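In structure tokens, the next block holds one chain alone, the form predicted on its own.
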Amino acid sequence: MAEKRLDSVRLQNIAQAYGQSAALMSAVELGLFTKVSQGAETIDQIASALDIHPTNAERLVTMCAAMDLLAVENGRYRNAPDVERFLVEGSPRYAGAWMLFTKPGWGEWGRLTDHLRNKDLSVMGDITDYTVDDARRYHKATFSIGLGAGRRFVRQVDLSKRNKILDLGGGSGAYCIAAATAHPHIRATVFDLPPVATVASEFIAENGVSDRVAAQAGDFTADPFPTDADVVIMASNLPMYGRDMIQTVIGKAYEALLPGGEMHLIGETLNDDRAGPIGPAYWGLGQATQDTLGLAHSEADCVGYFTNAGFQNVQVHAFVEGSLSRVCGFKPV
């Protein structure tokens, strides 16, 4: 059998993948999937429901069908199962805001080459310039996803004999809110930059756990940690920092933990060969657009950070398959 002749189709599809991102984001902004779920099944019905020209409706649903976001049969469209679950407004699992989360950085990705040529990189980038309004917009977009992750953490980790959680860079406080909701005895501190701590306090109050969860302003890259916790969490900020800083933070966490305590690092981690998955690689490369030292870390990297800090019984668990790992270790008694 003759060997298949190489062509450039795969490369073209990658080069044009920004169109897929744009289609998904526009579909969310227009409410396409919500209207389909509510019964708009044909091009004309969709155009009417979205108040757009039928030609534009056809263009959009054709792209969404090609991306397997919509299924089509006899000219009638329906949502793919994951779309129906996560992208229909009004659903408790609605994640539309998360789909739009990276859109503000769209233009900087177009300047990626310029960013990659920049040799003047910082530890944290422009996050230190965040205002309370910036933090509120950011965490409004991430809270639903974060709370789901927090609930997953509570299901995976036995906190029944633990007393106090310290969540480093805890953002909206989603992990602490989930833990305090599931375990009435748990207390927790969200340790994050001052504007973020202000917003975290709002989420904590809205979820009715202010009596046991508090937000403390601080920069975990530079400031000392509270020392009364027997659980430390660092979640979904791993690629924002370089190797030296992650090692420093984990070392500080080890020193702050009570004897016998445990730390959990939940992050977008590469396989040990550093050849994927693409999600962690994306988040690592994205730090170039912020001109920081952040990058994608492998599971083996994270195990090394824990071991070097003094943690024992270091383990790696799948948290969200193909996306997030949970690395944990224990401080000796």
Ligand SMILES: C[S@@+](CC[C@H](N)C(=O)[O-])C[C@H]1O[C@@H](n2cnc3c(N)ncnc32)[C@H](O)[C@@H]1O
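All figures in this text were calculated on a predicted structure; none of them were measured in a lab. When you see a residue number, it is the position in the sequence shown, counting from 1.
Below: the form predicted in complex with the named molecule, not depicted.
Phe220 is the sole member of Tyr77, Phe153, Phe220, Phe203 with a non-hydrogen atom lying within 4.5 angstroms of the named molecule in the predicted complex. Met240 is the sole member of Ile165, Met263, Val83, Met240 with a non-hydrogen atom within 4.5 Å of the named molecule in the predicted complex. Although the partner is absent here, His183 sits far enough away that none of its heavy atoms falls within 4.5 Å of the named molecule in the predicted complex. In the predicted complex, no heavy atom of His115 sits within 4.5 Å of the named molecule. Residue contact check for Gly171: one or more of its heavy atoms lie within 4.5 Å of the named molecule in the predicted complex. Using a 4.5 Å cutoff between non-hydrogen atoms, Met124 counts as a contact of the named molecule in the predicted complex. Per the 4.5 Å heavy atom criterion, the named molecule in the predicted complex is contacted by stretch 136-144, the sole one of 67-75, 87-95, 136-144, 203-211. The partner is not shown here, but in the predicted complex the stretch 179-204 reaches within 4.5 angstroms of the named molecule through a heavy atom at Phe191, Asp192, Leu193, Val196.
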